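Below, in structure tokens: the form predicted on its own, a single chain.
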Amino acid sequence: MNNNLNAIISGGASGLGASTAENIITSGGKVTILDIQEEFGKETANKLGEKCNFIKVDITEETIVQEYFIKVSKETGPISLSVNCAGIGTPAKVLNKDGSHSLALYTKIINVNLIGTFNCIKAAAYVMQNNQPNSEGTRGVIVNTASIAAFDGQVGQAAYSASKSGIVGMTLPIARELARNGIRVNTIAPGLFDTPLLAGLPDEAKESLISSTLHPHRLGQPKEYASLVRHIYENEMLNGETIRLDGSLRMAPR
């Protein structure tokens, strides 16, 4: 990365997003974090210093998100990278002890993970289209976060898997559309990473998942996700792709 890199990271207050923000800033760039977690967001921004700003935002709010992307681009300069990490994942079975899966919970997960990601994509594209292109004609790069649950979701992950499959499904058509604007769009599908989202699982479920990993036989580290974001940003031939980052893990049904 270079000193001119100016990124917006949704869900950057913790986990994968916070590690990506740190990677960018230590490489000489600057970051604006958009997150609903105010305490964690301020803490991360303070830790990373003056090149990191935090804005409390609900990424499902269409008008507000676009306004902030425009505001940040005017105040800090052209946005060259947008990374979408915000997501939630409360497990629930379709048929359960309470009767059936709450439609409100299903809708909430879709709204945050899929619709929130799309909302940030279109806000990023809106400001990136006016950037000066580099020598390859690229004006900006968008990186989304899916999950291997998009491909082999487990029991209880109907909503989460659907939301992440949606992110995978829209990556190529959006990349094809935005190619004429010089904007590259890619998605990372992480496996089991040591993040707050995974920490919320019951210990038994967590141990079962870890035991099914092959090589390396461990959880992924957020810095490894951040490293892939960096490579996607720097490699002009990566476009319209979903990359599994999972150490060859294929999740069992449970």
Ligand SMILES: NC(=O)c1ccc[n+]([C@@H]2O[C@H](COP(=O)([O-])OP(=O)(O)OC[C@H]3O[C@@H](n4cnc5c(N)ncnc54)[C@H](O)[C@@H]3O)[C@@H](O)[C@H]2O)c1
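Note that this is a predicted model, so its numbers are computed, not measured. Quick note: we count residues from 1 along the sequence shown, nothing fancier.
The discussion below concerns the form predicted in complex with the ligand, not included here.
Among the candidates 72, 178, 112, 127, the residue which, in the predicted complex, approaches the ligand to within 4.5 Å (heavy atoms): If I apply the 4.5 Å criterion carefully, the residue I get is 112.
Just one of 62, 58, 224, 43 has a heavy atom within 4.5 Å of the ligand in the predicted complex. Which one? That would be 58.
Can you pick the stretch from 179 to 187, 129 to 137, 146 to 154, 96 to 104 whose heavy atoms fall within 4.5 Å of the ligand in the predicted complex? Result of the contact check: 146 to 154.
Any chance residue 192 has a heavy atom within 4.5 Å of the ligand in the predicted complex? So residue 192 counts as contacting the ligand.
So, in the predicted complex, is residue 86 in contact with the ligand at a 4.5 angstroms heavy atom limit? Close contact exists here: in the predicted complex, residue 86 approaches the ligand to within 4.5 Å, heavy atoms only.
Residue 197 versus the ligand, in the predicted complex: is there a non-hydrogen atom within 4.5 Å? Residue 197 belongs to the contact set for the ligand.
With heavy atoms only and a cut-off of 4.5 Å, decide whether residue 36 touches the ligand in the predicted complex. Judged by the heavy-atom cut-off of 4.5 Å, residue 36 is in contact with the ligand in the predicted complex.
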